[in-house]
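The data below hold one chain only, encoded as structure tokens and taken in the form predicted alone.
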């Protein structure tokens, strides 16, 4: 296992691998590793745990620059000290690499300020499979980073090519990222959390799309009772009690006020939320049936990462995730199909999360199949059959892990050939995470 400490050290490791033909796979997050992207028996591991510095936090321009080994557990409190917050995923592991999360396009909590699927990722430094060092976007100027006059927050370029997109979702097959610049947001001075309950997910997905079209909420997420109770309980006993008392589907919205007239802003936007929810015959409230008294705890959980000894998805030992993207018009239908396909499993083992993204123009849907080690094969087979049906129905698997690449890439041979040509430019010896995706 290699432990690079600087960009130059990483470049040297990759150049040596080019000479010997040894495969390399990047590892930046702490355990557990749920998707297998950083596990490759055909490659040596390059662990970024020693590249763990927060290089810069700029409140005025609202960005942070962090090395690949910086985790959410480290970054979130550091941003809070500067009056900032990250647009982070829902309850990520404390040991999860911030850079890896951004590169994998994990769903973010605040779609209102997400303008592209790569958001909040801005620029990055990458070492390609040749050992050459490159910086994307406005960070691509000549000379050391410290001497650049650019603020390094423009993700496009250099030139007319968006190099950042070669890296997003590539699972380390195009290059190894050493640091990233990510967009941050001003931390609300006051906020109000609202809960909206429903029996079916479709009405909540329609409501979320309408609310974000009007740019009303900041945080916005929809969970079924199983996912909600697993995420917002502290142990299995509390999880079981909560699951039986809460509504089948719950939407959480945060209305925020900032430095100027925060209470007035919250009052106005809460009025918008109430009126729009009423148009769908739904009622919003600051308390939630079945979880009374836990509102403050839920609020704090949303604003942080999971710092528990056992990650909330792994209380039963293992989890198999089904992850896909879809347009708002298909969210309800595909969620129902997901429920139907997992009916063979115990109800309490199937958690579903629906997150609007890119200002509500798309929805990321996540199904978490909680199970024990002895049930692994049964749950894996169910997940694979469900993914095939969802793919045929129009679900877009832009984060294919495990056996999914063979399903996703076989339908686009022309695209695969184009990707292989790009791969041959940036990794001509094919040493970066060999065998992953379509390589």
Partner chain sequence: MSMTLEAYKELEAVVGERNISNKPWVLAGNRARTPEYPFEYHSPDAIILPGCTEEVQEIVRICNRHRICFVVTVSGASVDAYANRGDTVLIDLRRMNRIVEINEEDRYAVIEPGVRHVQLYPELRKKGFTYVTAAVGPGGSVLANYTSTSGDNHNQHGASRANRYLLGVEMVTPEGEILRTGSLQTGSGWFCPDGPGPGLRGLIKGFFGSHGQMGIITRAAIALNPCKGPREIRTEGHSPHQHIYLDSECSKVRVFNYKSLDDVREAMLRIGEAEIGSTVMKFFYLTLAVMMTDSANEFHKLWPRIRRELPMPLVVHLATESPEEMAYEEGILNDIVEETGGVRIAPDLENWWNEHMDFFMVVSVLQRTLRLGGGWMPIKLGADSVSHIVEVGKSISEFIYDYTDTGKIFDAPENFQIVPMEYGHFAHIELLFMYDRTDPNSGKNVAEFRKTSRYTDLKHHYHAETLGCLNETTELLGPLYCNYHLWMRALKNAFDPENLANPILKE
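Think of the rigid core as the biggest set of C-alphas that the two forms share within 1.5 Å after superposition. Predicted model only: the values in this text are computed from it and were never measured. Residue numbers count along the first chain shown, from 1.
The discussion below concerns the form predicted in complex with the partner chain, not included here.
Q: Applying a 4.5 Å heavy atom distance criterion, does residue 76 contact the partner chain in the model of the complex?
A: No - in the model of the complex, heavy atoms of residue 76 and the partner chain never come within 4.5 Å of each other.
Q: Does the partner chain get within 4.5 angstroms of any non-hydrogen atom of residue 264 in the model of the complex?
A: Yes, residue 264 lies within 4.5 Å of the partner chain in the model of the complex.
Q: Taking 4.5 angstroms as the cut-off for heavy atoms, does residue 293 touch the partner chain in the model of the complex?
A: Residue-level check for residue 293: no, no contact with the partner chain.
Q: Please determine whether residue 33 contacts the partner chain in the model of the complex, using a 4.5 Å cut-off between heavy atoms.
A: Flag for residue 33 set to no.
Q: Kindly confirm or deny that 90, 317 and 406 each have some heavy atom within 4.5 angstroms of the partner chain in the model of the complex.
A: No, because 90, 317 and 406 lack any heavy atom that approaches the partner chain to within 4.5 Å in the model of the complex.
Q: Just one of 349, 130, 342, 270 has a heavy atom within 4.5 Å of the partner chain in the model of the complex. Which one?
A: Exactly one listed residue reaches within 4.5 Å, namely 130.
Q: 235, 190, 151, 244: which sits within 4.5 Å of the partner chain in the model of the complex by any heavy atom?
A: Of 235, 190, 151, 244, the residue with a heavy atom within 4.5 Å of the partner chain in the model of the complex is 151.
Q: Out of 222 to 230, 305 to 313, 321 to 329, 90 to 98, where are the residues with a heavy atom within 4.5 Å of the partner chain in the model of the complex?
A: One stretch meets the cut-off, namely 321 to 329.
Q: Where, within 379 to 397, is there a heavy atom within 4.5 Å of the partner chain in the model of the complex? Residue list please.
A: Residues within 4.5 Å: 391, 394, 395, 396, 397.
Q: Would residue 293 count as moving between this form and the one not shown, using a Cα shift of 2 angstroms or more after superposing the core as the test?
A: After core superposition, the displacement of the residue 293 C-alpha between this form and the one not shown stays below 2 Å, so no.
Q: Do you see a C-alpha shift of 2 Å or more at residue 143 between this form and the one not shown, with the core held fixed?
A: Yes, residue 143 moves 2 Å or more.
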